[in-house]
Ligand code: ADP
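Encoded as structure tokens, the following chain is the form predicted alone, with no partner shown.
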């Protein structure tokens, strides 16, 4: 069952085609990643889905309801996190949370979210760091167990430990039947938690991929220094490019599965190892550039 269905969505601002005819669907309980570089059209598409702006053309259905005609009904069913969390500066976190509870009823998991995200509810929001503002935004989006979660860059401004906690919360919501639509420009992020992704570039959907397929297209740069001299021919495997080599150091470009090269590296005594994922833009150029 498709919980979210978007057909030929277009949003133009004058001559600027922010979203130019994208289509996708998201199934019940799925975590769908909406992936693309900054400026690709992700936030514009989300704002259309939330009926904050009107599409130029196309159709959006959420829970089998028209996202524009049934906007008020749907906002009771959707937990939404904006890419830029906007808050009332004179309110505390508690006042924001209580306001959402009053709007959406008492069936909430606020206390669990507050504890897990280590959030101080008593501070005025004008004094909060960007990370704590993001935490409050996540709490407000998730606290009433919505049927649908629409999250615009959910890990923005969070430290790595807190990012992982947010990923756990998203997975738990999905396991309970919540449908999750999350935008990101972070390839590693969507690989961790999404089952399927749509890739948008310059307002157009350039690919729809299962996450397993995307992993096969992953690219890495590996820099290794060794205790002893190495035989660089050991690292000449399919999908691996030797970028730079010295008697005790080597830099490799790797496409796809890391396990074969990791096995080769483990035959040597390692002094230092750095594995750097390719940027999303590099992967676009390699696989989706045309």
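This one's a predicted model, so the numbers in the text were calculated from it and none came from an experiment. Residue numbers count along the first chain shown, from 1.
The form predicted together with this ligand is left out here; the points below concern that form.
Across the proposed site, 13, 40 and 43 without exception bring a heavy atom within 4.5 Å of this ligand in the predicted complex. When this ligand is considered in the predicted complex, residue 18 lines it closely, a heavy atom lying within 4.5 Å.
The candidate stretches are 30 to 38, 249 to 257, 64 to 72, 220 to 228, and the one lying within 4.5 Å of this ligand in the predicted complex by heavy atoms is 30 to 38.
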